[in-house]
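Before any questions on binding or motion, here is one chain by itself as structure tokens, the form predicted on its own.
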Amino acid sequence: MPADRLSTGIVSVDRLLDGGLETDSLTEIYGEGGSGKTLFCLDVAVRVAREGRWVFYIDTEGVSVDRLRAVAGDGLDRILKRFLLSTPTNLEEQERAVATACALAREGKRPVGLLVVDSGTHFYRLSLSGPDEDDARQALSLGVADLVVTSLKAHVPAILTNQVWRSVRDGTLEPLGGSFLNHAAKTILRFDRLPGNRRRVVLVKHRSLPEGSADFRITPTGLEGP
């Protein structure tokens, strides 16, 4: 039986994903800065909160309040009542925030509809090539594992956005986090910048769907299909 889906609200992306994000697994989103990763997360989060379900949003880079207001429209106050935002300032705080959000989701006392960690590798990247790299890798792995287990047990979709590095060998953009993160995520989406306000979502990995792509546009009030 296929997993349930959470509609993204973007027709082209939902068509690519056969209805939307799977609700029992982790979705990894990676891409260069400005490719639309955070805007996508905010759009989906607002959609979930508008339907009366809770969103646990862990933000490591600074969510734009103006953008959230533009997406939410007149319903911002009502949406914020279902929007639990955490803003960790280091990897240790991020680990605690993820653990708390996952525990609340598994507890089941409130209808949780989405878990978001944006960006999941921001603080991890700052530790690379330093004395704390091994500890950072372990903390990242524990947080990802918690998201995977929670999504599977509580049937709550989880999104983790990821930063990229450029391969010296062939110049391609690759996601951070290594093989563990790529294995843990059952869906991997790459976001590409196109001219103007156009963006492209590339389905890099899915447990039941073929690779493919879909385009969308960034508008003042959210994301739309082409």
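So that there is no doubt, residue numbering starts at 1 and follows the sequence shown. Small disclaimer: the values here were computed from a predicted structure and weren't measured.
The same protein has a further form, the form predicted in complex with ligand GTP, not shown here; the description that follows concerns it.
Taking the partner from elsewhere, no residue among 19, 190 and 205 has a non-hydrogen atom within 4.5 angstroms of ligand GTP in the predicted bound form.
In the predicted bound form, ligand GTP sits within 4.5 Å of a heavy atom of residue 37.
At the 4.5 Å threshold, heavy atoms of residue 67 reach ligand GTP in the predicted bound form.
Shown alone here, residue 171 lies farther than 4.5 Å from ligand GTP in the predicted bound form, counting heavy atoms only.
Contact check for residue 209: every heavy atom lies farther than 4.5 Å from ligand GTP in the predicted bound form. Residues of 191-226 that come within 4.5 Å of ligand GTP in the predicted bound form, judged by any heavy atom, are 193, 199, 218, 219, 220 in sequence order.
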